[in-house]
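Below you'll find only one chain, the form predicted on its own, shown as structure tokens.
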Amino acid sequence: MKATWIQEACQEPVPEDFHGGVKWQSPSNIAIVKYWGKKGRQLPQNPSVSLTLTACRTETSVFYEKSDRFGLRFSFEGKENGEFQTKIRDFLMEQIDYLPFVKQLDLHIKSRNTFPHSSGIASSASSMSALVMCLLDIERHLKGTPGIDLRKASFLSRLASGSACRSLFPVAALWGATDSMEGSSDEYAIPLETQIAPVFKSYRDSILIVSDAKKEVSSRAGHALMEHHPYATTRYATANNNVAGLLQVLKSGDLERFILITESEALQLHALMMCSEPSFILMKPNTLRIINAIREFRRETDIPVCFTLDAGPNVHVLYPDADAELVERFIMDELEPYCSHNQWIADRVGTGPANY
């Protein structure tokens, strides 16, 4: 059966001792061309392209009260979380030049995911982009200005967690400077919604939870291993070529080439981890069983279904909406037994952050 992590949106009233509150939800995203390796101040060594999701999201409420000094409380899924609170405090203090108004606010942040945290789905992407949208919404209320600048939101989200900058845009996003796209930047992501074929705007992503345990190595540690990686230079060149190719594919709707780039990128990511020092093997036996089953199903049916992976064991099964019935039947009949407690999430390309 499908996973049941999708939760009702928070409906907490504004606490009596707080001036007001804002609520935003922001989705995770799945990179097709992977970002792996940093430079400078949270800048990517290579550009990346992602699809924005729908069901896998973070819902964040920020209650605020004007104060003569900064205050912060944080709870995750109903429980106070000191580790996350420290990370958020550090982020806010590091970016105080961009968010000076928080110095005079007492903040109470409540957050929850609709998917399991730290299990290979990009929870930092959804959580930090949701938080940034809340903060910029508070700034908007305090200043009395209309709207939120999504470029600023993407810029700040990047500083919080690199991949978070891509979650600010519907359908698909590009992050990283590349000659293949005018206006691209290492500082923020840009939307691709108007530059892709209709087939990708309704694409499905079924996320098979091979393991819901915490990741064995953090993304931060994984990126750091690229600093002295023997294949770093080759990897960055390959990623740049794949971005150029994928941008053409997304525009043309060439599903065969989409599959080639997508699966190659997924396997390269894990190959880089397997030959780093120290090395990590994050795929599990059932990850490989699922990959082999997907490829066999594709050969037998000619359905353009493929897989990708994040930095973990879980498998994202990507396919056109037109093939959803047959692919989901295949997942239920053949792939569910490889999932932890038969759990998987039926997701699809989404529309980006929203109030709730």
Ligand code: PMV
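For every residue, the number given is its place in the sequence shown, counted from 1. No experiment lies behind these values; they were computed from the predicted model shown.
Another form exists, predicted together with the named molecule; not displayed. Remarks below refer to it.
- Mapping the unseen interface onto this chain, T114 falls outside it, with no heavy atom inside 4.5 Å of the named molecule in the model of the complex.
- For the chain shown alone, G176 is not a contact residue for the named molecule in the model of the complex, no non-hydrogen atom being within 4.5 angstroms.
- Residue contact check for K34: one or more of its heavy atoms lie within 4.5 Å of the named molecule in the model of the complex.
- In the model of the complex, the named molecule lies farther than 4.5 Å from every heavy atom of C56.
- By the 4.5 Å heavy atom rule, the three marked residues S161, L269 and D310 all count as contacting the named molecule in the model of the complex.
- Considering the named molecule in the model of the complex, the lone stretch of 140 to 148, 98 to 106, 161 to 169, 78 to 86 in range is 161 to 169 [heavy atom distance within 4.5 Å].
- None of H229, K284, R204, H223 but one reaches within 4.5 angstroms of the named molecule in the model of the complex through a heavy atom, and that residue is H223.
- Checked against the named molecule in the model of the complex, the candidates N242, S154, S124, T262 yield a single residue with a heavy atom inside 4.5 Å, and that residue is S124.
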